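For reference, the chain that follows is the form predicted alone, supplied as structure tokens.
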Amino acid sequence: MDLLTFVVLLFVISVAAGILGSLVGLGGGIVIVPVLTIIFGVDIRLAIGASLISVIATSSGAGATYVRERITNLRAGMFLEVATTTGAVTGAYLTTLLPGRFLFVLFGLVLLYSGFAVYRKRHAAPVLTVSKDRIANSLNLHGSYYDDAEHREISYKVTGTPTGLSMMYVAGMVSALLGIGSGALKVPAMDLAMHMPMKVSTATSNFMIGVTAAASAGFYFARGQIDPYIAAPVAAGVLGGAIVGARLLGRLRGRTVRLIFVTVLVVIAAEMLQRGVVG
């Protein structure tokens, strides 16, 4: 395959990845890493480097739209980002010590766990109206948003901040190790542990993933693991797709977003596990 065909094809795939990534709060990397490694045969560390750039692009495109539409919980996102950024620095260091095949298996297992956890809550419980979480109350992490699909304002309370912080630290490490923006753990952390609505979890994850990715992208750049011929078309395509996906989220019901999230995780997890186990 010549370079021009490779760049154009990668750009088109990245647009689709951006749409999907912004809808479910995972970032375009959830698709980009498997595509680059499985279809194009790119080394996984170069794929992760390009994916981190695409995650920053997703956050810039979709994240801005969600903030403007007041779906993102900015207070919660900035609070939780302390843990994810710390985890990202840890993960960026660990990636030099772990073999590529192990990263494939870890990637697949993380996605399967996230998909299973979110699927169990497919019949979403009512949002919390009272919270006894001292941290959430003192920092006023609670919020509200207007749901276009349900045509009403939804107010919610946040709880489980210690569990959420722990999961966010792990999410940061996963982001640096796998280049997936860590949304695969951030969304379940906010949705399941902190009882935030699915749409808010998705939007806040999109806001957070760019900061987390930026914390570890510098390490990959310093090691020469960001190839501009790969990263440039990926970033451009994902950015365009993320803007389109952000416009679609408000029109979808929370349960629909949840099912899309689970489906994407299971399919990609199976592919990555096969790659890691079989080779």
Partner chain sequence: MNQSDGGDAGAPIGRADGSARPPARDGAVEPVAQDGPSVPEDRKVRQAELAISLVLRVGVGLAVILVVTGLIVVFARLGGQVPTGHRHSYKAYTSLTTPFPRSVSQLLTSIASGEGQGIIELGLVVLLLTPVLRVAVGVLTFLYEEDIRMALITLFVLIVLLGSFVIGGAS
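Given the structure is predicted, the values throughout are model-derived calculations rather than measurements. Residue numbers count along the first chain shown, from 1.
Not pictured, yet referred to below: the form predicted together with its partner chain.
Remark: Val278 does not count among the residues lining its partner chain in the predicted bound form, judged by a heavy atom distance of 4.5 Å or less. Mapping the unseen interface onto this chain, Tyr146 counts among the residues with a heavy atom inside 4.5 Å of its partner chain in the predicted bound form. Taking the partner from the other structure, its partner chain in the predicted bound form has no heavy atom within 4.5 Å of any heavy atom of Arg253. Among heavy atoms of Phe207, some come within 4.5 Å of its partner chain in the predicted bound form. Of the candidate stretches 102-110, 192-200, 79-87, 155-163, only 79-87 contains residues with a heavy atom within 4.5 Å of its partner chain in the predicted bound form. Residues Met1, Asp2, Leu3, Leu4, Phe6, Val7 are the members of 1-21 with a non-hydrogen atom no more than 4.5 angstroms from its partner chain in the predicted bound form.
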